[in-house]
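Below you will find one chain, with nothing else, as structure tokens; this is the form predicted alone, and questions on how it binds or moves follow later.
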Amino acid sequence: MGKNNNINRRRFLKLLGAGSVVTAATFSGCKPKAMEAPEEEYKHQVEPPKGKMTYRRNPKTNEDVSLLGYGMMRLPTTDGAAARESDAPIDQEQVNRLVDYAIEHGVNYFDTSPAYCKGMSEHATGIALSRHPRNSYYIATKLSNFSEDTWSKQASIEMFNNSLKELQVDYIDYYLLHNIGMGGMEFFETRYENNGILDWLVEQRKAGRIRNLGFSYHGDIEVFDYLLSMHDEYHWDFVQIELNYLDWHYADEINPRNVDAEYLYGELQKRGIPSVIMEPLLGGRLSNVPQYIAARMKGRDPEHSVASWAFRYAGSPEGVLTVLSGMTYMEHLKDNLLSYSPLRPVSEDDKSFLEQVAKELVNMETIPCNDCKYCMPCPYGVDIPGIFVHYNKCKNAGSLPVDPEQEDYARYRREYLIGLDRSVPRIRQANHCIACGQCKPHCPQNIDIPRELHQIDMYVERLKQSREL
């Protein structure tokens, strides 16, 4: 499928993009030691202080919300992996420990969804939080009515009521219309307006079953602008947007259909709407930057992690209410607590430095996949995010085999192919994509997934067929 044995050298190089920085890589998915730096940092991790969390005031309720919000989308499983990558049951005892530690260190915002962790996140979150006084935490969850069988008003109401049941609460602190913009205006109207569910949610806010009503935005800017134009009618209490130092100015360069965070945040600020931030690490990419960038970051701030730069950046704007992080392991939780206990806002000099980092990362031309897995499962078994993650790791590491004339091409070629087979079983690789397109509407980054898989398939086939062009 998708083989083109006559692809010429110029097309091959254009497909890959020449000019990668050359660094060493291992066989396990082209991940050099530099990419493992965050794990090394945790060996010397200090204990985060208690009572130092930075809070932001909700202007509607006057409640103080922790700047670090716990995203419950990557909960640990009994086999040690995150629930998004494993079929094992959620490790409830570990979830309880993480939640207890977070609350003990000042975290009070917990974000979940009926769609997270294969439908088990709300249940696990409810168990963990119900062990604490209800006034000690705020719960955010979503109307994740993506599938056609949830589009009716009754089905959406049932989803809302089931969230209350799973979370063991009688009201939701922060309720979101989920993934607004995905699928454009027509999809939004089908999910929320034509069925009357948006008006019903406004009624629930008046009744106190919802304390704050907002939406999470991905994709089509027409929908974002439309909802903000309706602010006088709906009175949005908050909006969740993607914001990080790469997306601030370069979101549309990562993906032409994305919108710069500077615009999104600015539009919310004009209306006095607090921002909840998702993807501060851009799917982990801003914690796994190339070695030479990581070294510069550590040189400027040796006491903190590479990831802390991204968290400090996302938390610095005053209009940000909380910054979400999906934390699977205690080391990640502690590191993020250190970033916000208390926050050291990025200086103008820091911003200039991160702007330069962003320019360099944009030039790496990776596939803008955040490994969210909304595209999964593929009906033909293709591991879409696994394929993209492997490609991006090698691209970021500078170990992508691009040109037979490049130094270490043969080694990079071998490492890429071995790493791909170790990361993604052959039966689930890109050559099994039939371009059915079922995945495309579900991608928050609006990636043309079949096209990208086809290009990677051609690339891999070419690497397999010959050591030289």
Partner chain sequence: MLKRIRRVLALFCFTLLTLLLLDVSGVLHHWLGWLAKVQLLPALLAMNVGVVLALCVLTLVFGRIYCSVICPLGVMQDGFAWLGRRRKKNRYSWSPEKRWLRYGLLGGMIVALATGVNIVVALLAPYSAYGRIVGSLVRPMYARVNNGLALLAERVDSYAFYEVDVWLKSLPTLVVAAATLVVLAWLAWRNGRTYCNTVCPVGTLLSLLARFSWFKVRIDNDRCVTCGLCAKNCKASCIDFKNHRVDYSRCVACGDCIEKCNKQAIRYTPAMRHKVSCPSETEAQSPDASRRAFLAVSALSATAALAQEGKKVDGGLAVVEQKVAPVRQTPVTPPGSLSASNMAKHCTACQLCVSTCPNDVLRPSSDLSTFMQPTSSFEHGFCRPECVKCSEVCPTGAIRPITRAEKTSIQAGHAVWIKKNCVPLTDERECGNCARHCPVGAITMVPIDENDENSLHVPAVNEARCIGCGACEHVCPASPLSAIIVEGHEVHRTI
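Treat the numbers as computed from the prediction; the structure is a model and nothing was measured. Each form is matched to the other, and the largest set of C-alpha atoms that superpose within 1.5 Å is called the rigid core. Residue numbers count along the first chain shown, from 1.
Although it is not shown, the form predicted in complex with its partner chain is what the next lines describe.
> With a 4.5 Å heavy atom cut-off, would you call D173 a contact of its partner chain in the model of the complex?
Replying inline: So D173 does not count as contacting its partner chain.
>> A261 versus its partner chain, in the model of the complex: is there a non-hydrogen atom within 4.5 Å?
In response: Contact with its partner chain, no.
> Taking heavy atoms and a 4.5 Å cut-off, does M376 contact its partner chain in the model of the complex?
Replying inline: Yes - in the model of the complex, heavy atoms of M376 and its partner chain come within 4.5 Å of each other.
>> Even though the partner isn't displayed, in the model of the complex is D383 close enough to its partner chain, meaning a heavy atom within 4.5 Å?
In response: Taking the distances in the model of the complex, the answer for D383 is yes, it comes within 4.5 Å of its partner chain.
> 104-112, 366-374, 350-358, 146-154: which one contacts its partner chain in the model of the complex at 4.5 Å, heavy atom to heavy atom?
Replying inline: One stretch meets the cut-off, namely 366-374.
>> With its partner chain taken in the model of the complex, which residues across 417-438 come within 4.5 angstroms through any non-hydrogen atom?
In response: Residues within 4.5 Å: I418, G419, R422, I427, R428, N431, H432, C433, I434, A435, C436, Q438.
>> Once you overlay the rigid core, does the Cα of T54 travel 2 Å or further between the shown form and the other one?
In response: No, the C-alpha position differs by under 2 Å between the shown form and the other one.
>> I want to check V65: does it shift between the shown form and the other one by 2 Å or more at the Cα, with the core superposed?
In response: No; that C-alpha moves by less than 2 Å between the shown form and the other one.
> Cα of G106 displaced 2 Å or more between the shown form and the other one, core superposed?
Replying inline: G106: C-alpha displaced by less than 2 Å between the shown form and the other one.
>> Comparing against this form, do L286 and Q455 have their CA atoms pulled together or pushed apart in the model of the complex? The difference is 3 Å or more.
In response: Pair moves closer in the model of the complex.
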